[in-house]
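Here we start with a single chain on its own, the form predicted on its own, put down as structure tokens.
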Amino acid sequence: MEIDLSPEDFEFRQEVRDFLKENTAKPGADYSQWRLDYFKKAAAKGGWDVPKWPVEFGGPGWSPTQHYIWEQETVTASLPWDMPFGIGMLAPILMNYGSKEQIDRFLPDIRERNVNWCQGYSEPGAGSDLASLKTKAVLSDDGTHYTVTGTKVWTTMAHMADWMFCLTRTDDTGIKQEGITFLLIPMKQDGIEVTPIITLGGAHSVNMVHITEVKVPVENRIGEEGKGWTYAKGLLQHERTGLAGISRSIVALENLKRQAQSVPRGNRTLMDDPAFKSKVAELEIDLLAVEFTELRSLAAAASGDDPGPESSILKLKGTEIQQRIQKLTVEAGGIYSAAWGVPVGHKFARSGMQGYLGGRANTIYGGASEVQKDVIAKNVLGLKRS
């Protein structure tokens, strides 16, 4: 998709390209130092290190078109690895619901990437039905701290995190959504045990976290006790928008087309096969439609609105498209996809199956597809439960 760009937008796109080219990782350079230097230089550009933050918190104040350009240009650029939990998820919650003391305490370290965060939401019995969570937080008699006990699961990067933002149960006497409290918990302390979970694709990114009688100061509570569900919903909207990965899918689809052109089919290529070509065309049309929805979401955000229920549309369709691209990549690799990791056949087939297996979780994390459909039915279509 191409949108109409003004002369100023073309200038901005060139500025982005020049910055990314100038600050790409040099062969043999120390990665950690390059990463630190990149974010310092991005900050000096006027908030480019936190592109989605509002101006009052140091963000760049970009227009929707500028955000679109940034997403398009950075998806193939050499950017430093950046965990999303602090910058993209917790930061908006602190900005909207945190006290001044909490903002002053946590935001600078989040922006400087000095502290890694993880998200303590899902539990063994509370995944899609998150409001059923059981992790208990009991306020002390003197009101100075909570004692937290419970188990979180599928906790991405918990093994690398310094802190967890965590949903806890402080009241179980009423409606389940009304007894949830949002706490910030240091990970490096007694009473917290992180157990790795190896996913289908062979990677270690998620974990189970056991929390046993961990004391959390009351000043680590975000907002009011019992209002955590309200804050969590806002965070999930930001998370779901990011998980859609529209720009990455655009690049992945173009890569798939090139890969299919390298696979012989008689006297021609797989990309000339009518059945395969039809699948690619249908996928491209669906991706274009989701991209339009993303642009509408960016426009709303630029007007000061939080991500709304359209974030569920983006998450639902965006992750489904990711899986469809992964499936077609495996199909293009043919028999060589079955030997993933082994240096035989088409080079792209070696990683195609790994991406396919790892990507099975895309439609589950951040709220399963069934949950997104419920949100869309209620908040977009206005359907009522029968």
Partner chain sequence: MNFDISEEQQLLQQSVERFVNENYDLATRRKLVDSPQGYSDDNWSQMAELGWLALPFDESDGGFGGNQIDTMLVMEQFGRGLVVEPYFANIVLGGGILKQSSNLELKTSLLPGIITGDVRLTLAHAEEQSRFDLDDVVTTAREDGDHYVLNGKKSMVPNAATATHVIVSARTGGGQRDKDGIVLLLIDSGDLDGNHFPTVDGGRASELSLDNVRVPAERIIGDFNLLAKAAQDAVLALSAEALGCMEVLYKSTVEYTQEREQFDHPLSDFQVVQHRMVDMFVEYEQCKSLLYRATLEAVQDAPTAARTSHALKHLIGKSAGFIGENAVQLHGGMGMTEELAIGHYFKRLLVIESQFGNTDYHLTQFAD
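Residue numbers count along the first chain shown, from 1. What you see is a predicted model; the values in this text were computed from it and never measured.
Another form, the form predicted in complex with the partner chain, is not on view; read the next lines as being about it.
A.B. asks: With the partner left out here, check for me: in the predicted complex, does some heavy atom of E331 sit within 4.5 Å of the partner chain?
C.D. replies: Yes, E331 sits close enough to the partner chain in the predicted complex that at least one of its heavy atoms falls within 4.5 Å.
A.B. asks: Closest heavy atom of M157 to the partner chain in the predicted complex, within 4.5 Å or not?
C.D. replies: No - in the predicted complex, heavy atoms of M157 and the partner chain never come within 4.5 Å of each other.
A.B. asks: In the predicted complex, is there a heavy atom of the partner chain that lies within 4.5 Å of any heavy atom of G58, even though the partner is absent here?
C.D. replies: No, G58 stays farther than 4.5 Å from the partner chain in the predicted complex.
A.B. asks: Classify K41 as contacting or not contacting the partner chain in the predicted complex by the rule of any non-hydrogen atom within 4.5 angstroms, answering yes or no.
C.D. replies: Judged by the heavy-atom cut-off of 4.5 Å, K41 is well away from the partner chain in the predicted complex.
A.B. asks: Would you mind picking the one in K176, K257, K233, R105 that has a heavy atom within 4.5 Å of the partner chain in the predicted complex?
C.D. replies: Selected residue: K176.
A.B. asks: Going by heavy atom distances of 4.5 angstroms or less, which of Y68, W48, W53, Y356 would be at the interface with the partner chain in the predicted complex?
C.D. replies: Contact residue from the list: Y356.
A.B. asks: Please determine, with the chain shown alone, which of 71 to 79, 211 to 219, 89 to 97, 118 to 126 has non-hydrogen atoms within 4.5 Å of the partner chain in the predicted complex.
C.D. replies: Residues of 118 to 126 come within 4.5 Å of the partner.
A.B. asks: Within 4.5 Å of the partner chain in the predicted complex, do P264, F276 and A368 each have at least one heavy atom?
C.D. replies: Heavy-atom distance to the partner chain in the predicted complex: all three under 4.5 Å.
A.B. asks: Enumerate the residues of 200 to 228 that have a non-hydrogen atom within 4.5 Å of the partner chain in the predicted complex, in sequence order, or give none.
C.D. replies: Only a single residue, L200, comes within 4.5 Å of the partner.
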